[in-house]
Ligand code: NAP
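Before any questions on binding or motion, here is one chain by itself as structure tokens, the form predicted on its own.
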Amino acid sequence: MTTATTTPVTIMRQHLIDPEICIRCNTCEETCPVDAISHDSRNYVVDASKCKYCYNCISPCPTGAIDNWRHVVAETAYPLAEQLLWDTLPEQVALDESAGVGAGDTATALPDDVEKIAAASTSGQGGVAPPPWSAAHPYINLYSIQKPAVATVSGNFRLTAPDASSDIRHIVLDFGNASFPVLEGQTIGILAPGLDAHGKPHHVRLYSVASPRDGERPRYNNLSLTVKRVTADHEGKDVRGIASNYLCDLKKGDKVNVVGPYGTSFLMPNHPGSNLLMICTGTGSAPMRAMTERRRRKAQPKEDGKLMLFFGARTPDELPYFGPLTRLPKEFIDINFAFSRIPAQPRQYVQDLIRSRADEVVGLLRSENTYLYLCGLKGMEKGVDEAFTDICGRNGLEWKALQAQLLQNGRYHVETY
């Protein structure tokens, strides 16, 4: 009698990203602590050999595209090269002979398999701040790529000076009879027309809403965006931004396909006495404008806490909303402008002004009613972090410990790009 031999086969639960609903916002790649997520011009993908199932990337994803899994034989997990070519996710393959598991094989689960993953998926925010406890309930994913909302352009206004190097626009979209509720701090996705180099529709581009929840014009079903025309990348190389140029060239009456809304974290508190400490550069001012305008329109503004804004740009001519901001009463908002390219003057950045206003900033940080918001180019994060480390250290606080506490309590929110 011959004894059948068994070959051990390892079954794993592979983490995958759905290319059909991924909007290529890069949040997952920025969040992953082990660099398991990468992308090309077509798809975002997960390296099975690097993924540690930490779930840091799950909560930030605005569409849920990141939360997809397939049970596979570990030795034949989907490689990156194959994932980069997908237009849709593959179906779950039965783990029998068709998947390379023979009758004489024994299946063994990896340590990070189903039970552990299921527990991790419900263990919290995955490193992303929860919303403020008093934030209004946000609606998300009401409109998809397959079924977008159609908005009409009711205004397209240049915010920067005609001779400024940056062309930044204030664009108002009217949704007519379509219900498209948004809160301050949320984003929407724009579907630019045309096809990419692969003959596929352009990926969704995200833009922060610049108007408060009751619209750019109160009681009208509209919202506004702050959009910079992209003509160069961060390294100064010539490049034409697909969505930004499309939006900046829109005329009144044009139709725009919109998806979303997105965002459940970067929201403002609604309880009396809450302070907003806002730090932004360029078009990162959009959510700050929305929050500031929400406060300005409230019937009892005296019930609210302090508003403090640090706003950076190259010159005043390149600063969105510069004129309107200067007309806001000082008792309503404490505004600090930083300009880095004014002739014959030293370069100044938002972190420099944070240091110069250390006493006031630390006073706000000590309050349990203070909520901190940072939005703009990713390069600003390091300078701001160093400034907070310095001013906290000089005032008996440890910034890293405080930052972790703020994050856990929904009081520290960052959106950089």
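In this text, rigid core is short for the largest set of C-alphas that superpose within 1.5 Å between two forms. All values reported here derive from a predicted model rather than from experimental measurement. Residue numbers run from 1 along the displayed sequence.
Although it is not shown, the form predicted in complex with this ligand is what the next lines describe.
Asker: Between 226, 211, 274, 292, only one gets a heavy atom within 4.5 angstroms of this ligand in the predicted complex; which residue is that?
Answerer: Looking at 226, 211, 274, 292 one by one, just 226 meets the 4.5 Å heavy-atom criterion.
Asker: Please identify the residue among 286, 171, 258, 268 with any heavy atom within 4.5 Å of this ligand in the predicted complex.
Answerer: It is 286 that has a heavy atom within 4.5 Å of the partner.
Asker: Based on heavy atom distances of 4.5 Å or less, which listed stretch (194-202, 306-314, 140-148, 322-330) is in contact with this ligand in the predicted complex?
Answerer: That would be stretch 306-314.
Asker: Could you confirm whether residue 376 comes within 4.5 Å of this ligand in the predicted complex, counting heavy atoms only?
Answerer: Yes.
Asker: Residue 349 versus this ligand, in the predicted complex: is there a non-hydrogen atom within 4.5 Å?
Answerer: Contact check for residue 349: yes, within 4.5 Å of this ligand in the predicted complex.
Asker: Does residue 215 reach this ligand in the predicted complex, with heavy atoms at most 4.5 Å apart?
Answerer: Although this ligand is absent here, residue 215 would stay clear of it in the predicted complex, with no heavy atoms inside 4.5 Å.
Asker: Does the 4.5 Å heavy atom contact test between residue 341 and this ligand in the predicted complex come out positive?
Answerer: Yes, residue 341 lies within 4.5 Å of this ligand in the predicted complex.
Asker: Under the 4.5 Å heavy atom criterion, name the residues of 401-417 that approach this ligand in the predicted complex, in sequence order.
Answerer: Sequence-ordered list: 415, 417.
Asker: Does residue 25 count as moved between the shown form and the other one, where moved means a C-alpha shift of 2 angstroms or more after fitting the rigid core?
Answerer: Yes, because once the rigid core is superposed, the C-alpha of residue 25 moves 2 Å or more between the shown form and the other one.
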